[in-house]
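Just the one chain here, laid out as structure tokens, in the form predicted on its own.
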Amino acid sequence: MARLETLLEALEDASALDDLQAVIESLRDHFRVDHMVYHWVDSGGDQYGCGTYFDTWRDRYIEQEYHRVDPVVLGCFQRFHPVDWKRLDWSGKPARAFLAEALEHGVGNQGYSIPIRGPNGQFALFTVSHRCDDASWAALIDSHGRDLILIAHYFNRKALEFEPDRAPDIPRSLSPREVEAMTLLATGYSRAQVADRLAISEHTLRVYIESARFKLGALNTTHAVARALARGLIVV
């Protein structure tokens, strides 16, 4: 525990992206896993990252635009809680081909990713991957899952300090009905269940959702919920 606290203090003292890289390498060694990666997209759409994947895989991933088919990215963008890779959808042909190539590049057959939302549309993933059997992996996550979540949010808080010319947008307020609708969606209700709970038609609900999405500048409903949560417009 003392060693982890020292590493978190080093993260807190980081003043440049190179510092984050040094810390994440130390954390990988501390937890004795193959890889640890932090990747974020800022409010302007620019991407940053640090981690321990091999350069050949990083370059290949960027060149092939694998974020478009990566089940980890696609799955975590729709979730708000940590995700074990085995629970994601790897059934499609592009996903299976992607996984095979990732394994060839030493990514690891086990993975655990923590999605994080920040202000004004910032989205990040903190990922740990390793090559081991299911029982060993389950034991590792059971022992260190809470620490990894804490570390993920520490990384995200520090990363936000490095956004160039960061200036928070002035959030547009949601109407009371929009808040109710988005809150219920965020807690896992389906659209039909939300409409029934609010005693309105699904058509009327769609109007509320689209209005909220427009105000939040979101690409879709999931993105709108994420932005509303990040800006404190709804609380779950």
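For clarity, every value in this text was computed on a predicted model and none was experimentally measured. The term rigid core refers to the maximal set of C-alpha atoms that superpose within 1.5 Å between the two forms. The numbering used is simple: start at 1 and walk along the sequence shown.
In what follows, reference is made to the form predicted in complex with the DNA, a form of this protein that is not presented.
Exactly one listed residue, out of H203, R32, R197, R68, brings a non-hydrogen atom to within 4.5 Å of the DNA in the model of the complex: H203. With the partner omitted here, the residue from T56, T187, S175, Q64 that has a non-hydrogen atom within 4.5 angstroms of the DNA in the model of the complex is S175. Each of A192, Y208 and L219 is positioned with at least one heavy atom within 4.5 Å of the DNA in the model of the complex.
With the core held fixed, R32 shows a CA shift below 2 Å between this form and the one not shown. The Cα shift for R60 between this form and the one not shown, taken after rigid core superposition, is smaller than 2 angstroms. Superposed on the core, the two forms barely differ at Q21: its CA moves less than 2 Å between this form and the one not shown.
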